[in-house]
Ligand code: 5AD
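A lone chain, given as structure tokens: the form predicted on its own.
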Amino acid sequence: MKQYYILTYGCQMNTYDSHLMELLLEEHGYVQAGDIEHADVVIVNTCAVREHAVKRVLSRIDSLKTLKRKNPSLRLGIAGCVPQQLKARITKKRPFVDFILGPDNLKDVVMCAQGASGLFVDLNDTPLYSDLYPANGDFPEAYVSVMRGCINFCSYCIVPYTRGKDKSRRIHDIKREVEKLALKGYKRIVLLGQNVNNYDDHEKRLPHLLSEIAHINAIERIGFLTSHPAFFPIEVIDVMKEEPKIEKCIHLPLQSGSSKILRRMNRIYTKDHYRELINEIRTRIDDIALTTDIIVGFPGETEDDFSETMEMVNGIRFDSAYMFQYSPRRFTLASTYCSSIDTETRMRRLHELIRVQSEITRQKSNASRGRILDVLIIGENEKNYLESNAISVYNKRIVVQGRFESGTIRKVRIIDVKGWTPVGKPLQEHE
């Protein structure tokens, strides 16, 4: 039997796309290789969101040239956003690559694995792959795509150019996929979209979708990614409050605390709008967990602009944040801006932001001591076989004392915090 091996880089949507390719290959008799050395087909599924990610991916692709020399019959393919963006560069400089698949062309993976070579990178009306149900994931958690593509055109972002316009799946297709996951024993589902707030199935939007998924009995936890502050439907918070299965956590990218920089980013909202939205969310669910993305060193960002970002971070007090220095992406509007910030300044601002947010995250973790939480066991702790890894309804990773079966719910009391990670002790029946 032919064996495949897929290397995945990037976001949760890339992980989901890899599962789609796995399903297609396995339906045609391929099996997953135990290691890359024994594979007949190797696919690198890539991310182009930042320059560092692209360089890392290209370096990994180059390292596979040796593998190809050892095994000339190996089929080597590149998938995802990098080849969609840099197709000519890859084909010219890396002739050892047999095939290239864009995000809209994943159904060609079997044909390519069997011998077809060349570029398959047409952006053709954003296929939803709704006839495919991968029912795959890192048990007991799985991602489910509810929409694909994006039309926001933030000035720094390459996604609209690599994944095309946004398009939503039908609710009954999404429910069928989640039901298949439930039958396999999966307990936590994360609904994915580049801008999940734009989900729309014939006027049935995200709040309706969340309610429908919550009615699937075997599913214990439901999350969703990623929200956009300009389009966030506040009704979602009411559904979260009513449905105990829906995690009390929202990832809401701020990107900058300066309204001037937000305009240059084409983010559509102001810092005041963002702050008002946070206040409204916390009014409805006071202990909700909030996470975010922040970019520093965007072209034109002054020290005053950066100070405004720091004021927002200190004022809102996010539970955690993904923090980056600006990375110019080819074809985007921001790549044409002349007022670039030097590397030293970008790094200084990033280090300052990380320092402040890390302290806030540490304080929030310490504040959880003594709380009693229902947590979902997601596996053994790789550092200590006498402990288990778990996740709370606030999307917080927790270490639980004791070994428990993945997919079960345990009630624990937080008794310690190691670094940023709370440690829970299971409650006894009488507690």
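Model, not experiment: these values are computed from the prediction. The first residue of the sequence shown is number 1, and the count goes up from there.
As for the form predicted together with 5'-deoxyadenosine (5AD), it is not shown, yet the points below apply to it.
Peer 1: Taking any heavy atom pair closer than or equal to 4.5 Å as contact, tell me whether F306 reaches 5'-deoxyadenosine (5AD) in the model of the complex.
Peer 2: Looking in the model of the complex, residue contacts with 5'-deoxyadenosine (5AD) do not include F306, since no heavy atom lies within 4.5 Å.
Peer 1: Using 4.5 Å between non-hydrogen atoms, is Y186 touching 5'-deoxyadenosine (5AD) in the model of the complex?
Peer 2: Result no; Y186 lies far from 5'-deoxyadenosine (5AD) in the model of the complex.
Peer 1: Would F324 sit within 4.5 Å of 5'-deoxyadenosine (5AD) in the model of the complex, counting heavy atoms only?
Peer 2: Yes, F324 lies within 4.5 Å of 5'-deoxyadenosine (5AD) in the model of the complex.
Peer 1: Residue-level contact is defined here as any heavy atom of the residue lying within 4.5 Å of 5'-deoxyadenosine (5AD) in the model of the complex; does E179 satisfy this criterion?
Peer 2: Contact check for E179: no, nothing within 4.5 Å of 5'-deoxyadenosine (5AD) in the model of the complex.
Peer 1: Of the options K364, R56, R371, R50, which one has a non-hydrogen atom that comes within 4.5 Å of 5'-deoxyadenosine (5AD) in the model of the complex?
Peer 2: That would be R50.
Peer 1: Report the residue, out of L206, I295, V109, C81, that has at least one non-hydrogen atom within 4.5 angstroms of 5'-deoxyadenosine (5AD) in the model of the complex.
Peer 2: The option sitting close enough to the partner is I295.
Peer 1: 342 to 350, 325 to 333, 206 to 214, 92 to 100: which one contacts 5'-deoxyadenosine (5AD) in the model of the complex at 4.5 Å, heavy atom to heavy atom?
Peer 2: One stretch meets the cut-off, namely 325 to 333.
Peer 1: Scan 128 to 156 and write down, in order along the chain, each residue with a heavy atom lying within 4.5 Å of 5'-deoxyadenosine (5AD) in the model of the complex.
Peer 2: Just Y156.
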